[in-house]
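Read the single chain below, which is given as structure tokens and is the form predicted on its own.
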């Protein structure tokens, strides 16, 4: 298991964490199995999406902005962040083969900040066999 610490700098932000996750997988020595990446926060999520064109990140955040409102009851004022995090989800699982994350050509693992800037923690669990 490993942990990734992130300090976000914007109120909403998408950060590619693919290389950090791959580093944890490589250090684990696991060759075949599954890698689970989980946010430990209720106002942030994890997803897999395109990492080649930065406009995709902008468009994802723009699309999720439909939930921005001042008309929520939660007293902390971050209900939209909770909704976005629930829709994106707290975790993803990725197959590992030959010690490598099996991501498509344009795919990356994205940490989605919806209530920043904040210091965040992501847990990475590698499950499988070391020498298959």
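Quick caveat: nothing in here was measured; it's all calculated off a predicted structure. Numbering follows the first chain given and starts at 1.
The next section is about a form of this same protein that is not shown, the form predicted together with a further copy of the same chain.
Though the partner is left out of this view, residue 91 does reach within 4.5 Å of a further copy of the same chain in the model of the complex, counting heavy atoms only.
A residue is said to contact a partner when one of its heavy atoms sits within 4.5 Å of a partner heavy atom; residue 124 meets this definition for a further copy of the same chain in the model of the complex. Taking the partner from elsewhere, residue 28 is found to have every heavy atom lying beyond 4.5 Å of a further copy of the same chain in the model of the complex. Of all the residues from 50-78, those having a non-hydrogen atom no more than 4.5 Å from a further copy of the same chain in the model of the complex are 50, 53, 55, 56, 58, 59, 60, 62, 63, 64, 66, 67, 71, 72, 73, 74, 75, 76.
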